[in-house]
Structure formats: structure tokens, C-alpha cells
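Take a look at this one chain, the form predicted alone, written out in C-alpha cells.
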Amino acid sequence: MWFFIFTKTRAMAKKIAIIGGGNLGTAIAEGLLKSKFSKPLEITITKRNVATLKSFEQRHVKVTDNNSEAVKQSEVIILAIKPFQVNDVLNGIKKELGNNKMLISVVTGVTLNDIKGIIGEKTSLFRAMPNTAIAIQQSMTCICSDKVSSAETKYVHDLFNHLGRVVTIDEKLMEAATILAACGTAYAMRYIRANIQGGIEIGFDAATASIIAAQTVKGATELLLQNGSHPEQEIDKVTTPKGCTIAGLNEMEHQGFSSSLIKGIITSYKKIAKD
């Protein structure tokens, strides 16, 4: 399967409505503001309890509890709600959707066909799976689409590329992307936490161990992203014969480090596939 990574460019400004001002919806809004992809007045966020969005309102982002009005006034709609809310929300806004709109769903487990079954075929549809690092422009976002133009594709990729990195995948892999990219944040955090605990045991205070562990992981990932190398290539550079690194790695493998991580990923995937 082919996939593409897009570089950052500034697309033509469009008004964006984020339907759902929860954790992911507000993280997307934060990323759009910090990256300057959108100006505050170009963004509308909706939520039943708009009082929780006061910080955005203070920055001149439009805040409302009226989904239909937000969609009517926008060209791009990002659907960031819970799966069980999709039917009611889409039925509430479908009359405002049309050929001049793009709908981007970041809802887990809801397919493009599910959405088309509610709103019809008239609106360009994308599915995107970002992670919470989108708030600091460091998300890994996987995207798929159906019957969209090259200009629309460029815009959507440009949007999410301003918020991190983007890959195009087949829709059948979207649940797997949820596990690897979204749940993967938690897996990485758990490794860092264990690293911190180990650091404390060998003599560091918690604050220092946290900085060392987090920056080391950041540096390791940048080596892979910037060099395009395989993890084993970078591991070879720090494992000398009879050294402490290989001794530690071998002990981790004896204790099931890699196998437990792989089993965890597969267990998470089976859970999302079942549900």
C-alpha cells in the first residue's frame, strides 16, 4: 500500500466549524490557532455547555450551542463528537450541508458509508484520526476519503499537516490507525513513566528523571523521522560489545518487553474491532 507524507503549506483560508468542544475538538482548535492556519474569527466551536469554552471566546473564536448555525456559516465542518451522538447531530445539520461544504469526521468507529447513509452523497467526506498532540502541532493524523477532489484533498492534508504529520491510508485501516497513533500516545507515556521510575531507582530525583526520560524519547523519535532510519539502525549505534546497553536490552526482552507491547496493541485492536 502506498502512503504519502505532505509538507506544510498555507491553504486558502476557509471558515471552520468544529462540532463538539470536548477534549479532541478543543485540541484541534488550539492547534489551528497556534499554527496560525486559521484566524480566530475563522473558527467556530459548538458545545451544549458553552461556558467551558470561555477561554476560546476570549481569544475571539466564535462559540455557540447551535450546530446548524455554525455549519451554515462555515465551509469546513470537523465532526468531533462521541459515536453515539453521530445520528442525532448529523440529522440536525444535514439540511445545512451541500456541495460547497467539506465534512471531516474524527469520530472513532463511524465509517464514511455510515455518514453518507445519514446525510447523503452531496457533501465531500473525509475521515481523520489525529491524536491529542494535535494541540501542540505534533499529531500523527491518518486520513481517508471518498469521492473528493484533488483541491479538497490538498486543503485537508494541509490543515492537518499544520498540526503535525499526515499519512493517507485505506479506510479499512482506520481502526488500526486509532490503536497505533491515538492509543499509541498512552503506550509511549507508559514507557516514559517506567523509564522515570527506573531513573529514580538508580539515583535521580523525580523531576530530573522526568526531563531526561522525555527528552531522550523525543530525541530518539526525531532520529527516526529526520534520518528515515529503522529503529535497529539507531540501536546498533549505542550497543557496544559487552556493553551496558545490550545487557539491558537483552534483559528487557527476556522479561517480555517487545512481546508484551505487541500483545497490548493486538488486544486494543481486537477490542475496537469487536465494539
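Residue numbers here begin at 1 and follow the sequence given. Because the structure is a prediction, the values reported are computed rather than measured.
Omitted here: the form predicted together with a small molecule. The next part is about that form.
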**Study point:** Which of 23 to 31, 36 to 44, 230 to 238, 208 to 216 lines the interface with the small molecule in the predicted bound form (heavy atom within 4.5 Å)
**Key:** 23 to 31
Review point. Does the 4.5 Å heavy atom contact test between K54 and the small molecule in the predicted bound form come out positive?
Key: no
Review point. Are any of the heavy atoms in V89 no more than 4.5 Å from a heavy atom of the small molecule in the predicted bound form?
Key: yes
Exercise for review: Indicate whether the small molecule has at least one heavy atom within 4.5 Å of a heavy atom of G184 in the predicted bound form.
Suggested key: no
**Study point:** 4.5 Å heavy atom contact, N250 to the small molecule in the predicted bound form
**Key:** no
Revision key, fill the gap. The one residue among T108, N195, T168, Q73 placing a heavy atom within 4.5 Å of the small molecule in the predicted bound form is T108
Point to revise | Partner-contacting position among L163, I77, V156, M129 - heavy atom within 4.5 Å of the small molecule in the predicted bound form | key: M129
